[in-house]
Ligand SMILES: Cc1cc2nc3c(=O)[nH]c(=O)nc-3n(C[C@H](O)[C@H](O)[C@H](O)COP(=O)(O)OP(=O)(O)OC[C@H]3O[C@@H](n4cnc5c(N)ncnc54)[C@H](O)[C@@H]3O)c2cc1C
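A single chain comes next, written as structure tokens; it is the form predicted on its own.
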Amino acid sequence: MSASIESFAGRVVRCERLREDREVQGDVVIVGTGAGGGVAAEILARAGLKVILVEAGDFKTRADFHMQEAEAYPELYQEVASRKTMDKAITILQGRALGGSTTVNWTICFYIPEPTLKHWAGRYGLGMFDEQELSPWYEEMEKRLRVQLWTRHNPSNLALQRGAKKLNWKHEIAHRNVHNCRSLGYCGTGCPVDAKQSMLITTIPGALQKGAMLLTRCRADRLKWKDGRVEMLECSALDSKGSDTTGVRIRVRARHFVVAGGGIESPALLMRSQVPDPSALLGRRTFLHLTAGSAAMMSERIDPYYGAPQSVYSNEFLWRDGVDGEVGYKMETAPLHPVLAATAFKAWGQAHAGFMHQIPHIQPLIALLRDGFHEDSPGGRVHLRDDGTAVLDYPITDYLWRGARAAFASMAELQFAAGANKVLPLHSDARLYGNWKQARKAIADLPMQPLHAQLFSAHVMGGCMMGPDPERSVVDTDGNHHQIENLSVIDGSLFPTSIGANPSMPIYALAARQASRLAKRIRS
């Protein structure tokens, strides 16, 4: 067990308070404190290495989490929770906080599905990632993060379960990484009781306890490299809101550099640093688990803002046409708080007020499309704006639109089976439908176009693809850069496709594997 992060305030440099430039030095610098960076930091620090963590987010603890969306979205998410793809068609919910997305995720845990591993082995030469290889790392992280089967379902998850049972569809109970959870339902705004076993209360204090240093409100600008080795990381101090730089520069020197900023920020840092990219894959093949939603109006109270957000799921259509056939999708519930609801319902005036008034009786479903397994699902590409910040271009192909339409239909069918009075697909041209037959016909005619279908993502993967062949990947199967000797990537940007399940646990496990190998390599 680790002491609370508040105990190590003396090892934290809050860069918004710096008044002059600073240079620090360690054995390993890690950019990003989320699922990849947090796990790597603790393992490397335990190995006796001096670790320096660099985080653009603010130093926040449970005392700062008040279950208020108006506070949480500006302070804990990328671009005030309004990060979007280049064409504005997809909203990307991604953490920008101490602990990364693990501070604001909904705690559901899955392994990489077996069909995904087989696809990676056959298509990308990643046969080493089989069940035998991954099991010890899953077990280690499940113990560290107190992963447990969760059976206290809220009414929203019970409705999913009821609908799936009635239709005889596959459905399972999920695991979560929580301890003494009070079922408050506000996981997305930061856990105010430290029940969520995020990096914020587990591996980051664990690393600090072993002597690590943490720099917050510190933006990694670029890596300075020469003759195949990184010499230094150049950073800018951010102001207290994290929106502008203060003019103070921080230079970080180390023997090894780990990039763990996630599926958009990691490739962006490498692109700004102009590292070699002979495979031309850096920033490409970025995947989102493109997500569609559906809202059911129920007679009973659902109170979709209370309870564990996700505890039941259905894989009925995840592999519906084989691994590389028509795109499959996983169905889950989602929490629905007032600000999220206000943006989800595309209506005006009295109609919008009517939707908001019904929130206690709304049961939300989401469907996550498994992208990247078919030639018509090549993923997105990270670009750099003129100021060096990153933006994702993610074209939605006809193949993905077909999947989105099928997902809207499946969600409506399940919700009517669960007892819905009416169902609203989250699409600007849709309206409330009173029965499954009416909904099926209407969904078949909805225009599947950007900005009509309301799509979002909370799972950014890819962009620094791993593989054994330097001509077909950015890093090797341990995350080590093929061309830069002392540079590694440890996060979900390594994945060659999406995985078909919420990715936090696979990132934890792969990070544990990578960091353990890296520690041996550095110490030798």
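Note that the coordinates shown come from a computational prediction; the quantities given were computed from them, not determined experimentally. One rule holds for the numbers: they count along the sequence shown, beginning at 1.
Separately, the form predicted together with the ligand exists; it is not shown, and the next lines address it.
Once the site C-alphas are superposed and the ligand is modelled as in the model of the complex, is the result open or blocked, blocked being 3 or more ligand atoms within 2.4 Å of any backbone or C-beta atom of this form?
This form leaves the site open.
Of these, 49, 455, 458, 484, which has a heavy atom no more than 4.5 Å from the ligand in the model of the complex?
When the ligand is considered in the model of the complex, the option within 4.5 Å is 458.
Find the only residue in 209, 78, 154, 85 having a heavy atom within 4.5 Å of the ligand in the model of the complex.
Contact residue from the list: 78.
Of these, 61 to 69, 25 to 33, 41 to 49, 466 to 474, which stretch puts a heavy atom within 4.5 angstroms of the ligand in the model of the complex?
Among the listed stretches, the partner-contacting one is 25 to 33.
The ligand contact at residue 514 in the model of the complex, heavy atom, 4.5 Å
Looking in the model of the complex, residue contacts with the ligand do not include residue 514, since no heavy atom lies within 4.5 Å.
Should residue 158 be classed as touching the ligand in the model of the complex when contacts are defined as heavy atoms within 4.5 Å?
Contact with the ligand, no.
Should residue 331 be classed as touching the ligand in the model of the complex when contacts are defined as heavy atoms within 4.5 Å?
Outside the cut-off, so no.
Within 4.5 Å, heavy atoms only: does residue 272 come near the ligand in the model of the complex?
The answer is yes: residue 272 has a heavy atom within 4.5 Å of the ligand.
Triplet 55, 93 and 261 all within 4.5 Å of the ligand in the model of the complex via a heavy atom
Result yes, every residue of the spot touches the ligand.
Scan 103 to 124 and note down the residues that get a heavy atom within 4.5 Å of the ligand in the model of the complex; none is a fine answer too.
Heavy-atom contacts to the ligand in the model of the complex: 104, 105, 106, 107, 108.
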